[in-house]
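Taking the form predicted alone, here's one chain by itself in structure tokens.
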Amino acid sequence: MILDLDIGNTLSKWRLKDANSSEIRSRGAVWTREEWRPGSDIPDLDVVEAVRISSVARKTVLQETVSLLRRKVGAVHVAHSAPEALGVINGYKEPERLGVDRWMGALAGYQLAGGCCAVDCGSAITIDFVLPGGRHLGGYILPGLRLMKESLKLGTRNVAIDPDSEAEELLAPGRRTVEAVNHGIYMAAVSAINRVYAEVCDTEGVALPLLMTGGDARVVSRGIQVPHAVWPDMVYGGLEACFPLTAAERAGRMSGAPYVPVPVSLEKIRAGLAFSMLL
């Protein structure tokens, strides 16, 4: 089995992948902690032959995790942001300072779509752009839905947005404080993504495929105005592309990769942007 780890600031997500069939056997998540230890909520390391890790947690968390795993598992692969990889040129002035989860998403998106806008809706919402040809432009970071809610300190932090809510409902004025907060932060998130996407596509003269991942991608995607795909395993896809361990991965097939819808034309993007600027 292959254990893939996506260690975030809040949650550490994992999945077990069959090394022969490339099938996903199980998956889960635990709270990120200083000392990562196997338990009832973490897979049995006795069945694991290789581990791949993407981590944005504190260095001590990664060091502890790698130390433990290397005592139990033969091969441990740790992803790092680099100046260039898999045909993508990192747009950061200091490439190593780009969050590795963003780098994995950019690499996976480029392998799948040959240029993309990669949006990760987690604790923070990150938006990264890779042009056809592999030039990573850099990106944007804004607070995620939960961080925005917590910042208001109105006692609504534990009342989550229903992921099955329709966008029209979430964009309507709230009739209770909790609704006003949820609808307000939702409006802020989707408006930012829609506007940033249009602005960058307009500036660069290209209509890019839009790919979304992260815990809140499902609900945020309902308010996105252009064709897009939700890819829960996008960070894992970057790990697969960087460290291919199965026959399918070596052939360039990433698990769970979605169908990528054709973007709307650049003319339509520009027309929508011009209209929004008149309002």
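Note that the structure is predicted; figures quoted are calculated from it, not measured. Throughout, we count residues from 1 along the sequence that is shown.
Missing here is the form predicted together with a small molecule; even so, the following discussion is about that form.
Asks: Since exactly one of Lys153, Arg176, Arg97, Lys72 fits, which has a heavy atom within 4.5 Å of the small molecule in the predicted complex?
Replies: None of the other options qualify; the answer is Arg97.
Asks: Would you kindly say which of Val230, Leu68, Val56, Ala248 lies with a heavy atom within 4.5 Å of the small molecule in the predicted complex?
Replies: Exactly one residue meets the criterion: Val56.
Asks: What stretch, of 117 to 125, 82 to 90, 193 to 201, 167 to 175, brings heavy atoms to within 4.5 Å of the small molecule in the predicted complex?
Replies: Correct option: 117 to 125.
Asks: Ser22: heavy atom within 4.5 Å of the small molecule in the predicted complex?
Replies: Ser22 lies outside the contact set for the small molecule.
Asks: Evaluate Asn9 for contact with the small molecule in the predicted complex, applying a 4.5 angstroms cut-off between non-hydrogen atoms, and reply yes or no.
Replies: Output for Asn9 is yes: heavy atoms within 4.5 Å of the small molecule.
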